[in-house]
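Shown here is one chain on its own, the form predicted alone, set out as structure tokens.
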Amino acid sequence: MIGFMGGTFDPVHFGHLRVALEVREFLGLDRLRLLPCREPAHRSVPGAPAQARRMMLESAVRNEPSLLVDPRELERSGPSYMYDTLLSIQAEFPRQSLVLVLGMDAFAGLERWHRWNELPGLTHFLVLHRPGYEPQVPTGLTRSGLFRIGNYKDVFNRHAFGSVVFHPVSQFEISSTGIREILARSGNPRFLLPESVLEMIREQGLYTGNP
């Protein structure tokens, strides 16, 4: 099974990293792949260049071998469509089932994704939510009949693709947006993100308008 979690990681912070570790353990994977997005199709342009975000992410996980940075979206021009990414991963691992890890908000907006109705034929979905929250499958996705809702991760082993499992993870009141705002006003975001990432941000003048 190949598990992967995408995002702009703009910049990566402890919320991303802690969740990634919990997901890796929950799925029982040797490694979880982190896929930094080059050009998001449904969000504003990232505040830092693609290669800078890759370098920050690699720095953040350097001492954690269970997390692997997968740069395939950065190496592809144009918008980073998950459909294309799934085809690429599937071609590399033709005998492995895939599990896309995403948040509840992203899953709820799945119908806006490029070729969204073809995604369940390529991957399983692990949808993350805060503890105590009762997840609901969006009506449009339910009506589509494309998804198989499971109660536990074993459903991933019983089917090749198309299953959805909801999973609670630790919630941190940390956001990349908040960190960028702190940096823009010359504040100190220390203890919100790895020290090596903060050093890189300061050395390159990222998010301050003074590169």
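Quick caveat: nothing in here was measured; it's all calculated off a predicted structure. Between two forms, the rigid core is defined as the largest C-alpha subset superposing within 1.5 Å. Residue indices: 1-based, along the sequence shown.
The next section is about a form of this same protein that is not shown, the form predicted in complex with adenosine-5'-triphosphate.
**Q** Have a look at 69-77, 128-136, 83-91, 115-123 and name the one stretch with heavy atoms inside 4.5 Å of adenosine-5'-triphosphate in the predicted bound form.
**A** Answer to the contact question: 128-136.
**Q** By the heavy atom within 4.5 Å rule, which residue out of Thr142, Asn157, Thr177, Gln51 makes contact with adenosine-5'-triphosphate in the predicted bound form?
**A** Only one option qualifies, and that one is Thr177.
**Q** Looking in the predicted bound form, is adenosine-5'-triphosphate within 4.5 Å of a heavy atom from each of Arg38, Ile201 and Leu206?
**A** Judged in the predicted bound form, none of Arg38, Ile201 and Leu206 sits within 4.5 Å of adenosine-5'-triphosphate.
**Q** Given that adenosine-5'-triphosphate is not shown alongside this chain, does Glu111 nevertheless sit within 4.5 Å of it in the predicted bound form, heavy atom to heavy atom?
**A** Residue-level check for Glu111: no, no contact with adenosine-5'-triphosphate.
**Q** Report yes if any heavy atom of Leu21 sits within 4.5 Å of a heavy atom of adenosine-5'-triphosphate in the predicted bound form; otherwise report no.
**A** Residue-level check for Leu21: no, no contact with adenosine-5'-triphosphate.
**Q** Since only the chain is shown here, I'm wondering whether Gly15 would be in contact with adenosine-5'-triphosphate in the predicted bound form (any heavy atom pair within 4.5 Å).
**A** Result yes; Gly15 sits at the interface with adenosine-5'-triphosphate in the predicted bound form.
**Q** In the predicted bound form, is there a heavy atom of adenosine-5'-triphosphate that lies within 4.5 Å of any heavy atom of Gly3, even though the partner is absent here?
**A** Contact check for Gly3: no, nothing within 4.5 Å of adenosine-5'-triphosphate in the predicted bound form.
**Q** Does Pro131 shift between the shown form and the other one by 2 angstroms or more at the C-alpha, the core having been superposed?
**A** Yes: Pro131 shifts by at least 2 Å between the shown form and the other one.
**Q** With a change of at least 3 Å, which way does the C-alpha separation between Pro131 and Val155 go in the predicted bound form: closer or farther?
**A** The answer is farther, because the C-alphas of Pro131 and Val155 separate from each other in the predicted bound form by 3 Å or more.
**Q** Is the CA-CA spacing of His13 and Arg130 tighter or wider in the predicted bound form than here, given a 3 Å or more change?
**A** Closer together, which means the C-alphas of His13 and Arg130 are at least 3 Å nearer in the predicted bound form.
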